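A single chain, nothing else alongside it, follows as structure tokens in the form predicted alone.
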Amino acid sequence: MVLLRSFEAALLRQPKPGFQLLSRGEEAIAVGICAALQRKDPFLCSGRSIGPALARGVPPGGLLAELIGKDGGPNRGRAGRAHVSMPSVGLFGAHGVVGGNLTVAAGVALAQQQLGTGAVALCLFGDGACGSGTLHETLNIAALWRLPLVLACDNNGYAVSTAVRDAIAAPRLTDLAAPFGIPASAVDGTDVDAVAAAVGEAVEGARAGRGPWFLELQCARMAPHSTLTREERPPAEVEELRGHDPITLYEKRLRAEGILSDALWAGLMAEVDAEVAEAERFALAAVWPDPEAAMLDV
């Protein structure tokens, strides 16, 4: 979680960081999910992909190169954060269209089922996607075919600046799964252990052939929607979110349990600082893509 946050700070230090959706406040979701997945389990995420990509194992240097458009990225600088993918580490892609990853995830899950791989596809999407028809289509076909699919919604309360309460009629997002007979649960998305436990239960249930699962991971986005978006939430509400910082909460818990000492914390920070510094060196040294290659792989 510390790596994710430090990496994003490094990204923002770049001369032209581009249009980015950051994960500040949502680190526990990305880390908890990836801790519960096996290497063979396909992971699909939304355009808010930086934290999930790092947590899934995309090398920080390669990811930073990708985000600033360099050829050293896993997609040669063409994907950016909206479409970054690296199947070799289990990241089957981000998606730039809200809700667009849901039907793709159903297809990936169907492939695992038909090929008998024993893998479970997990799709991470935001609360804004709950207003899209693709969610209901995916819930229906996943239930009908008992697909090995876990649908995980990171509910930070806002789709850009539109509050969930103003966009979704269901009292709870978990209610959306009920008509399809899909089990659903709401989880504290600021608690990395709770996320890992809930995702682990859902994934193993799907792996055992019990069909899909819906998770609502409740979290606190501690930054504006994007690097190009002004903060439209009430100042008092934004300030209150600081008390739900997943890193601070976990640090306090580990210290209270006697697991984390000052020396361990200092060592962790030094390790992360070194890893991020190396990522910056790699990305800045990488070459720009050859314009002649623009149409390859299209």
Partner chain sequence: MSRLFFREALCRAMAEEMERDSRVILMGQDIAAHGGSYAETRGLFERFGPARVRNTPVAEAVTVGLAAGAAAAGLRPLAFITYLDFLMLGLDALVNYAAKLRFKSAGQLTSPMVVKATAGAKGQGPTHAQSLEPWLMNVPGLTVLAPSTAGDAYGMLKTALRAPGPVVFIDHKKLFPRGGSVPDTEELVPVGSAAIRREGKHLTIVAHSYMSVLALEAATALAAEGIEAEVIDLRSLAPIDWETLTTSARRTGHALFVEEGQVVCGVGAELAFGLRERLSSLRVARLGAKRAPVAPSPVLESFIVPDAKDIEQSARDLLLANVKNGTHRTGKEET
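Everything numeric here is computed off the predicted structure, so don't read it as measured data. Residue numbers count along the first chain shown, from 1. Whichever C-alpha set is largest while still superposing within 1.5 Å between the two forms counts as the rigid core.
There is another form of this protein, the form predicted together with its partner chain, and it is not shown here; the text below is about that form.
- Although the partner is absent here, residue 68 sits close enough that one of its heavy atoms falls within 4.5 Å of its partner chain in the model of the complex.
- Contact check for residue 159: a heavy atom falls within 4.5 Å of its partner chain in the model of the complex.
- Proximity of residue 167 to its partner chain in the model of the complex: non-hydrogen atoms within 4.5 Å are present.
- Of the heavy atoms in residue 78, some are within 4.5 Å of its partner chain in the model of the complex.
- Only one of 207-215, 189-197, 126-134, 171-179 lies within 4.5 Å of its partner chain in the model of the complex by heavy atoms, and it is 126-134.
- In the model of the complex, 95, 96, 97, 98 are the residues of 92-108 with at least one heavy atom within 4.5 Å of its partner chain, listed from first to last.
- A displacement of 2 angstroms or greater separates the C-alpha positions of residue 16 between the shown form and the other one, with the rigid core held in common.
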